[in-house]
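Below, in structure tokens: the form predicted alone, a single chain.
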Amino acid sequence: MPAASTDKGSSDFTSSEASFPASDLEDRSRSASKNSDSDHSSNEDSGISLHDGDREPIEEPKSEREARLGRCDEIEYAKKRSTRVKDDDDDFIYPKPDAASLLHQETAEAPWITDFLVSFSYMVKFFFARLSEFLQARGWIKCHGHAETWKHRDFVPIVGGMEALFIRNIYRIGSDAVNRVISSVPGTVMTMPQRVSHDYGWTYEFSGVEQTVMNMGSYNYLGFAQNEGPCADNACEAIDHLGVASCSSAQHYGSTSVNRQMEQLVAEYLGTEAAICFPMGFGTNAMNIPALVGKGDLVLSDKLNHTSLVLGCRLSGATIKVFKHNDVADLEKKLCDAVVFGDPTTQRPYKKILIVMEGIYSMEGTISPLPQVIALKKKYKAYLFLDEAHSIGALGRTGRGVVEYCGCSPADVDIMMGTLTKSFAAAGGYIAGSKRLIDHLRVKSHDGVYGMAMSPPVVQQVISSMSIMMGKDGSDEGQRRIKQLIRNTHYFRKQLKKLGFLTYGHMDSPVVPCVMFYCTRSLHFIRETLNRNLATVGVCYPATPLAKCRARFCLSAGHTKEQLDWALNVCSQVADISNTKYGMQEAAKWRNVDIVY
């Protein structure tokens, strides 16, 4: 696929290398869509179907399949894995973690000189931000942003505080890199309209040019973000039968037959008694945690939990205590103190204790030590809320998340939450567990009572993609995607290490952060990669600590080895320019390691 033209400064590379390989999932989805036309025509009178039993399995040429299912590099991987689980395919071994790999995951602290320089640079930024706000308030310089009128100067300001100061004066300057517009599905290859700003990020104008880029920033873990293929066809069929929206909550008239079908399928996929789905992943956490805990209860929350979890805990009114990220010892200490001393404000025991954690942490790429946490929650009679937004579909031998990946039983997790946005390329979230829990949420959840029911085509997208993962379409496409994702993850992580990047997280996590410490260097890196038609994500303060800014890559089952090699080449060249290879000491250990795809 030809790439759009870029800056002259990068012409030496893009002129010869910008035509990156396209994903093979696009070709497979087109062929699957054509093959399913006859199936749809013969089943028009039967309504919307979960899967077509007569549909031929989607098979690729044998030579390509054998090449993709070649063995992973086992040299370094065998040193970190003492236990392995073998798949039905003799050419593939899915990793099974040991306790050490979960308790000791890759992190790095900035050297003291780097920490000092980063902090000093932010002091300078905030000083000039304060100075700019001071001059704008007195009318000495023009204010380009939103502000109160002169007649409201004596009112309490609508916009104020450190957060607004940061957004208006520091975040704004890098908004061209962190707030990007796309004009296609967020697949492995996508199009982005180019924008220009003449006032340093206050406003943007579209230039009328679209840029074709390789996407390594979206949570398209299983590669279902496509507008062609059986999932897209079934979603269109749902529109024909049920429309685009029910315009009502599930408690009134919003629930349809496909909504109930989806909830049953989610429960079957996860191995739980029941499940309930909601139209928004953020709201699934924020609106349902208050229905589970309240005043007199204790919530033990991981330090790096997502904002939706933090908001839900705060809205609940329960006492909140934060434990160190993935630190089982610190969690046990706080559990022990809670059981022994109870609520210090009332001098009574807590009514219940809820542990809140994630499966994969999207900013760190780390995987939760679930077996150890389950042991603690049983020991201290606590409840466990597990957010699998990034781990469902991305981990486990059949894609059932961190519970399957760690070899745990779904019955040991009291509340299993996940989103349908990322791996299944739809929208919304779910909560799964016992039937008693789900019946309680149907009545008490604010999102279920007042929120809109999920749109029928979105529901059908979930049903179609999840059915493929469960093999209900009669093919091994789901298994093929899982194998491709874990192979891409291992290959890309190891190559980054070999190139000298400092990465975070677990070897099996498809979220790959590369630490660059300085926000300016992170912005420079992602701007330059975009100039070379590679779209990635930069994460800086306040989403991360001051001295831990990073670029983040998200692997997909849709990426091919050729695409990953192309992306690695781009990243290496840009890192040499921006001086962001902070893992050169670690790279020396990989110098003589032959990394096999």
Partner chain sequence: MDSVVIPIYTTIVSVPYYHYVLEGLLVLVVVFLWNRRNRRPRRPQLTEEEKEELIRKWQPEPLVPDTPQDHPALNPKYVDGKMGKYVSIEGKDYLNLATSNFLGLVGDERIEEVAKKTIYKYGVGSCGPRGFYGTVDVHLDLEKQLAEFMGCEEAVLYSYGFATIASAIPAYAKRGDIIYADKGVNFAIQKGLQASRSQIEWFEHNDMEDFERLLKIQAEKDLKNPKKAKVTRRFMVVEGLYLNSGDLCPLPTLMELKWKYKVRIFIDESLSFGVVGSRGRGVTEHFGVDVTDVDMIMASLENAVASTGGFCCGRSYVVSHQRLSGLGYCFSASLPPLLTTAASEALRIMDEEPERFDHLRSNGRRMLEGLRAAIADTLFYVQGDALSPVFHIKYRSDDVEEAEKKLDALVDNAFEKGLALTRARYLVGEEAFPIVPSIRLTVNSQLTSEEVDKSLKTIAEVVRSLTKK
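In this text the structure is predicted, and so the values were computed from the model without any measurement. What we label the rigid core is the largest C-alpha set whose atoms superpose within 1.5 Å from one form to the other. Positions refer to the first chain, counted from 1.
The form predicted in complex with the partner chain is left out here; the points below concern that form.
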Subject >> 4.5 Å heavy atom contact with the partner chain in the predicted bound form for all of 270, 469 and 576 >> reply: no
**OP:** Look at the stretches 210 to 218, 484 to 492, 508 to 516, 112 to 120 and give the one with heavy atoms within 4.5 Å of the partner chain in the predicted bound form.
**Re:** 210 to 218
**OP:** Would you mind picking the one in 189, 523, 292, 496 that has a heavy atom within 4.5 Å of the partner chain in the predicted bound form?
**Re:** 292
**OP:** May I ask you to choose, among 100, 411, 135, 181, the residue with a heavy atom within 4.5 Å of the partner chain in the predicted bound form?
**Re:** 181
Original post:
Can residue 171 be called a contact residue for the partner chain in the predicted bound form at 4.5 Å between heavy atoms?
Top reply: yes
Original post:
Is residue 350 one of the residues lying within 4.5 Å of the partner chain in the predicted bound form, judged by heavy atom distances?
Top reply: yes
**OP:** Tell me, yes or no, whether residue 232 is in contact with the partner chain in the predicted bound form, where a contact means a heavy atom of each within 4.5 Å.
**Re:** yes
**OP:** May I ask you to state whether residue 126 is within 4.5 Å of the partner chain in the predicted bound form, using heavy atom distances?
**Re:** no
Original post:
Which residues from 302 to 339 come close to the partner chain in the predicted bound form, meaning a heavy atom within 4.5 Å?
Top reply: 306, 307, 311, 314, 315, 336, 337, 339
Original post:
For residue 155, is the C-alpha shift between this form and the one not shown 2 Å or more after core superposition?
Top reply: yes
